[in-house]
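For this one, two forms of the same chain are given in structure tokens, first as structure 1 and then as structure 2.
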Structure 1
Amino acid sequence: MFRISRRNLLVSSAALAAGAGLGLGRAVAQSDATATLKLQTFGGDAELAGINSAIQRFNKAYPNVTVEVSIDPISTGWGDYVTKVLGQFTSGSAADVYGTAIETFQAFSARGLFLPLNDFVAANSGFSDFAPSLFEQGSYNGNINYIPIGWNNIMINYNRDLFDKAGVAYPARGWTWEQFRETAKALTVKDGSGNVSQFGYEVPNQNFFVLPWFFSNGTNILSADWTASNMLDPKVAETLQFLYDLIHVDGVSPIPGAEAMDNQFFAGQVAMINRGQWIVQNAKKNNLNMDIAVPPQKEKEATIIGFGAYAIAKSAANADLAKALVLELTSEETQREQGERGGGVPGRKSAASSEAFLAFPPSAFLYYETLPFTTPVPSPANFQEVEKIFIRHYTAMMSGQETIADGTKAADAELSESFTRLKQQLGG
């Protein structure tokens, strides 16, 4: 769901608590509990700032509890994060609280790593501020394992200055694939030799970014229940052909590379990209006149949603303290701060309705308005394999190294083998 370039950090709450207080203006009963909690989470500057503030509030009630934070930028994908976390449990070095994302939920829950939190959720009425669907998507076999935080749905992020310069109207709700294609052509700038100085669009290079194209065509790369490949659906090939043509026929996008084109977008060299709300923090830093639009539709209006959440390890020695920390990490104060900094759409509607959150981009209201027709990112327990298989063949097809017919067949075969292995591993 998140793609943020930042080195891993290790932060101790003792150092954080030494700073100035937050001035919350409320009495806090102090506990004499003494412990150390380990928090393994993900994100960048916006997420870290909100976590730091939450830990400061937590330490007002638990001054003798140290929280050690390890934050991962997820720069190489959620599959690698799954591998990292599984390694921590295997080696006996698991954290107490984990920040993670929907891409990993089944991979972790199927292995029984986290506590069921049904009673915890029922006992805290404040969780009613979250969309119920987030808890449903955070459940496995009837147990809530994940408490939601921020979420992201992929939107078309576009540079309004480039639209204005080209005399192109801003995208309207309900625009079609062909309207998008013509818009991308109009926003592509080439010199007399055909060299491109400004691309109309970036054909995505990542699983999360590209899937809305399939959803808007009424299909998916996996079956609806995430238990099998759907790569042989003709609509999958049709979607891939459309993206291929944007690159090789229309010339509005380069071939997807290893690096995403965020920097080129901020520099005005790409007019439109598929991203989530997390891009807002860097758009503000770069003074980019940006707005968002709902992805174009072929068969229906659709986009993808991925969201973050906190879970508590079954191995946690201080589960009650871990739950108290999660309450602060998912509080309205934390959600508001992270959302306004650009760390994702707050899971709490109260935080997502704040004036500051809705101030930028101009159509920020669309993040929440599109929630009813979002589709969760397909996240089976073998997600780390599924993502790598799909992206490897997808990039080969987009570059012309594989034909779409051969690529979809090869991906289907590999995905089918992966799901067979998964069933064997889980005793199916």
Structure 2
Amino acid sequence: MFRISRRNLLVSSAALAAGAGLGLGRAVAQSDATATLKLQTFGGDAELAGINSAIQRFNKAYPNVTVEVSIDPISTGWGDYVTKVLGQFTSGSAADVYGTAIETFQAFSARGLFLPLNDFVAANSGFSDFAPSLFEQGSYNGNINYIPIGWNNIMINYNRDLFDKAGVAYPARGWTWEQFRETAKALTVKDGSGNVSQFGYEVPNQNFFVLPWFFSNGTNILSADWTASNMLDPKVAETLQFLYDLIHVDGVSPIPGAEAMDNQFFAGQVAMINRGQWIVQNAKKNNLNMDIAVPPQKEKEATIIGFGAYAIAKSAANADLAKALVLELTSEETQREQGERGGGVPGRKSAASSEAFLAFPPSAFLYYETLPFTTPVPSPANFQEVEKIFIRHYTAMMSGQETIADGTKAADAELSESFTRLKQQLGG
């Protein structure tokens, strides 16, 4: 297989980056490298369209390189994606470039699947457009394994029409749990038979959506280094009690079930829900008069971030070509296109500052403004197991099947067992 020289690559990449950065015509130096690159990534139509455009631009510099794309919609969670990727590596059919998300980082890096990209990042000044914290969170044992693409931080998404109808003021920065509670009560509507026709809030049914409540109370379900359970922290129980009371005392939310309530939100049956930027496209399609607010605080303003990234397989036969492809996949042009199509906040600040991106919702600037105080979704190498344990006990506690005291204790015991097993697996 043909290997391009580092010099050729640098010339081509520089031309490519210059072209992308200046938005000029495609007068880029062409490489005569001939190869096939396999890209395994995730997403939907918006992501695929952006990727295809990036590949077209990549092919202008590398006309003889074929990029085979396989995209996974992640319809059954990250656990299945990890299993799929591990299967590709064990069967010797690994792709060259992988798109993945923070939830999987440690599961892959602990197995040493991807190249360290510290030199690559240092050699490309264009990456300074990304928040440095994204590279820190994409590192494992000091090695940068992941180049960020886009991210999502959870915000309170609210229906402005329902606020107007109820005569309730829109949420302001620094609002508190108690103010949130009163707002949710004012936005809950019941008919004469006691049927709720409109909920003030949806107490979330997913790990990613519910964790900001813990963060804003200065706690987390795992220890700071993600190696142990923190379920016995009294603040965890306090947070769970607050959410339980929203459901069972105030009646402002249904009990979280298997289905998320996005459709009910779009239909005006729920006034506020915790979601990321991915919801914007559907809000537009449904002509929803929506805006976003920073989650309310108990101890501090806080929210959660999850992000996508590209990694290069250690087994990649053409690592330099793979790096050139990643450069294009993370270029400002690609990021702008993907940001405008929806699905997440572009990792590059320049792309997230574009007029098209900031046009909707009215407070879209908050996505980037809150980045300094977002906490990454706790993603240890046993993330899939941790998430399942937490959500199982969380839903049992929210439904009243388990008391909060028993549920936190049981979850703590199971999480501790899981971390013990993980340490054994990793040889710790």
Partner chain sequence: MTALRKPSDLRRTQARTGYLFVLPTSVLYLTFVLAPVILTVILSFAYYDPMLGSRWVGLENFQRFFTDRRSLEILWNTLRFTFFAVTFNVSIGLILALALNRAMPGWLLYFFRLAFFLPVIIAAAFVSIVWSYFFGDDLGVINYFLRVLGLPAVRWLTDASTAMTSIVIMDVWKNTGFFMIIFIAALQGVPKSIMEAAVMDGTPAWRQFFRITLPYISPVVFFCIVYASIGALQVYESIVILTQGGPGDATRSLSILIVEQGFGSFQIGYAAAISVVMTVIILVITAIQQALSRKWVQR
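Definition used throughout: the rigid core is the maximal C-alpha set that superposes within 1.5 Å between two forms. Since this is a predicted model, take the numbers as computed values, not measurements. Counting starts at 1 and follows the sequence of structure 1.
Shown as structure 2 is the form predicted in complex with its partner chain, with the alternative form given as structure 1. Once the larger rigid part is held fixed by C-alpha superposition between structures 1 and 2, the smaller part shows a rotation of 9 degrees. Superposed on the core, the two forms differ at Asn59, whose C-alpha moves 2.7 Å between structures 1 and 2.
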